[in-house]
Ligand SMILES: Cc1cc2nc3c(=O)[nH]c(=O)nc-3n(C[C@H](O)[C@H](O)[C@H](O)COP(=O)(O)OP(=O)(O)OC[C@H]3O[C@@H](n4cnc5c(N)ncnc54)[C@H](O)[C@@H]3O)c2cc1C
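What follows is a single chain, given as structure tokens, in the form predicted alone.
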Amino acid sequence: MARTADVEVLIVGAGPVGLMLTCLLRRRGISCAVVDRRTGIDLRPRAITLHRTAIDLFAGLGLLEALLRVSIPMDRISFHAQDGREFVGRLAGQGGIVDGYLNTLQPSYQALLLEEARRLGAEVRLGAEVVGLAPSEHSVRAFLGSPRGGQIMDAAFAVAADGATSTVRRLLNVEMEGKGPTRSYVLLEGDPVLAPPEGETGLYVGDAGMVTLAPLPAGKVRIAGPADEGLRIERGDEISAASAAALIDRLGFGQRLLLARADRVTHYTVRQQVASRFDHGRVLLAGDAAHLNAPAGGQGVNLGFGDAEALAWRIEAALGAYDAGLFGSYDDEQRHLAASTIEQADVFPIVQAIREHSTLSDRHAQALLDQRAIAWTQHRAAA
């Protein structure tokens, strides 16, 4: 089995979180390699909302102008009831480089990070999969498999940013913890019949379900959610554009939730879980490998960028003088943030309040939304 040159940090997963961490480490002069079993960027839009943490990090890398070119500015999240009531959570006016948040396509901002990682001199190896891991007191040895054959890579630290089905997490026997209902979401993207309100991500609440209407660049929109909260779609099941549109139409919002043309139709399952530990000696977990939550407001990827920021300075410090306590605090802080994010991303208490029709419930719904609107933009541990 061939040997590769040793690096200080091995990052498993070339998604947005893994690439962000790669860039942050290279800016600190830390040698690193990032490997991913995929041979290229996943072209599905996936996470589309970037909040203050992410925007600040892109700006720190000198990528803000490029990010703005592939994004549309947003300033509020609004809930719409069938009877015409509306509850608005304003995300502008809270400071930050961008006043509000950005909607953009994951392949677009992931490509920016990939190009920057390569420009900064990181070794990026696509089409290579970690098939074994041997952590020790002083280093981590990874066994890589690829069509070119097996290889060994040694690193001082390894970070698992390889997603919800993390191979590294499985190799370490780290369990995912959490409970709560697992929900099936339908998702459509394409050209809307009616243009959505400018600057608004809208949640449309019906008697038995809800969907999110999110504007995308180039005049496209995404419509996604548990259009029927009793819906159960199994992995591998197929869903047509017509059947998804029929589910959404039952919410009763007419043309506001109709597509003139669907470019993409799919479904996915939402789980809300946190890894039992984020640190395992010299192996750390980040992003979806560490935590899973409901997709409201792009909380998952923004929390993952917060993980990358929290790890970068700790790894730099540990390379100077290793202290296990550095990563114990990472585990404590980011696990707390992940648990809080899971709670804040659960919009169903707001949805239930909106479904009730008393004045008190209206005040309750707006108060819940005002409280959570600010929390949805925070993905950093307190200094």
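We number the residues from 1 along the sequence you see. This is a predicted model, so every value here is computed, not measured.
There is another form of the same protein, the form predicted together with the ligand; it is not shown, and what comes next is about it.
Quiz prompt | P16, T167 and D288 each touching the ligand in the model of the complex (heavy atom, 4.5 Å) | solution = All of them do, each having a heavy atom within 4.5 Å of the partner.
Practice problem: Could you tell me which one of S78, S146, T266, Q273 places a heavy atom within 4.5 Å of the ligand in the model of the complex? | Solution: Contact with the ligand in the model of the complex is made by T266 alone.
Quiz item: Pick from G163, G206, G89, G202: which has a non-hydrogen atom within 4.5 Å of the ligand in the model of the complex?
Solution: None of the other options qualify; the answer is G163.
Quiz prompt | One stretch from 123-131, 80-88, 67-75, 308-316 that, in the model of the complex, holds residues within 4.5 Å of the ligand by heavy atom | solution = Single hit among the candidates: 123-131.
Quiz item: Would A142 show up as a contact with the ligand in the model of the complex if we use heavy atoms at 4.5 Å?
Solution: No, A142 is distant from the partner.
Practice problem: Although the ligand is absent from this view, report whether I48 comes within 4.5 Å of it in the model of the complex, heavy atoms only. | Solution: So I48 counts as contacting the ligand.
Quiz item: Should V12 be classed as touching the ligand in the model of the complex when contacts are defined as heavy atoms within 4.5 Å?
Solution: It does: once the ligand is placed as it appears in the model of the complex, V12 has a heavy atom within 4.5 Å of it.
Quiz item: Taking heavy atoms and a 4.5 Å cut-off, does R222 contact the ligand in the model of the complex?
Solution: Looking in the model of the complex, residue contacts with the ligand include R222, since a heavy atom lies within 4.5 Å.
Quiz item: Within 17-43, which residues have a heavy atom closer than or equal to 4.5 Å from the ligand in the model of the complex?
Solution: If the 4.5 Å heavy-atom criterion is applied to the ligand in the model of the complex, 17-43 yields V17, G18, V35, D36, R37, R38.
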